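One chain comes next, on its own, written as C-alpha cells: the form predicted on its own.
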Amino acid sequence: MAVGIFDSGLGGLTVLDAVSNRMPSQSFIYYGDNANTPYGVRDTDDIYKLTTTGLEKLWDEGCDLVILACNTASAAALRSIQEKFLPNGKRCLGVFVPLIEALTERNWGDNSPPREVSVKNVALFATPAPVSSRAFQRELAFRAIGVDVEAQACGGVVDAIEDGDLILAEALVRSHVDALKRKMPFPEAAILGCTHYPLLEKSFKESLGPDVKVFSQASLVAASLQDYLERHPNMKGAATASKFITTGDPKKVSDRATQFLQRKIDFERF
C-alpha cells in the first residue's frame, strides 16, 4: 500500500521529492490533474468535484492516506471532504497545517487558547482561490493572536511553471513581491502557499530581502507526514512500486516532470 499525493498539476512533485528523500522506503502514488490545472482560478464547487474524483482514483489504487499537496484544494475542499466524504479507514490531510505549526511553534494537537507569537507581520503568497477563501487566516486565528496577514494572489506564476517558462515565472515573482510590499512594506515572514513555489524559493528570498524568514511547504510537509506515519503505522502499508498518474498527456507531463525534478519521471494516463 502506498501513500497518495494529489495535486492539480506538477507542484505537488516538490512535496513528493521531499517525502521520498525523507522516507525512501515508503511507496507513493502521485495523481496530477494536469488536464484541469490550474485550480486557483476555479470556483469552489468545481474544485471539490475535481478533488474528490482524484481521491476516489487514489483509493482505488489502494491509498488509505492521501496528502492534498495542492493549496487550492486544501483551502477550498479539504474541510468538506473530511466532514462528509471520507469513507471509513481513509484519511486525507492538507498542507496548511505544517505551515501553521511552524509559524506558531505549536503542535496541531495543542488545543489551548490562541496566544501571541513572535512573528507579527506575515506575507502570504498563493494562487487566487486560497487567497479569496481566507482559509490560512482562519486556521491561523485558532492558534495565534495579533498576527497581521497580507495576502498576494500570484496570478500567472503556476501557469508559467507548468509551461516550463521559469524566466517568466521569476519575473512574475518579483512583480508580486513588489505589489505585496506596497501593502506591507516590512513583512517579518513570508508563506509560500503553493507547492509550485519551492522551485522559485530563491527568487522569493532575493525579492523579499535577507530579513524576511521564508516558510516553504515541501520540507515542512515531509517532516509532518513522517511524524504522522510514526503515530499511525497502519497507514504505511506494505512497500509497493511508486506510480505516477495524470489526467493530461502522459508524454508531455512526463517530460515536464522530468525537467521539474531533474530525474526521470514516467506518468501513466488516468
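Note that the coordinates shown come from a computational prediction; the quantities given were computed from them, not determined experimentally. For every residue, the number given is its place in the sequence shown, counted from 1.
Keep in mind that the form predicted together with D-glutamic acid is not shown, yet the notes after this line are about it.
Note on the partner interface in the model of the complex: the residue among Val173, Ala77, Cys194, Leu124 having a heavy atom within 4.5 angstroms of D-glutamic acid is Cys194.
Under a 4.5 angstroms non-hydrogen atom cutoff, D-glutamic acid in the model of the complex lacks Ala190 among its neighbouring residues. Although the partner is absent from this view, Gly40 contacts D-glutamic acid in the model of the complex, with a non-hydrogen atom inside 4.5 angstroms. Contact annotation: D-glutamic acid lies within 4.5 Å of heavy atoms from the stretch 32 to 40 in the model of the complex, the single such stretch among 241 to 249, 32 to 40, 221 to 229, 57 to 65. Heavy atoms closer than or equal to 4.5 Å to D-glutamic acid in the model of the complex belong, across 153 to 185, to one residue only: Val158.
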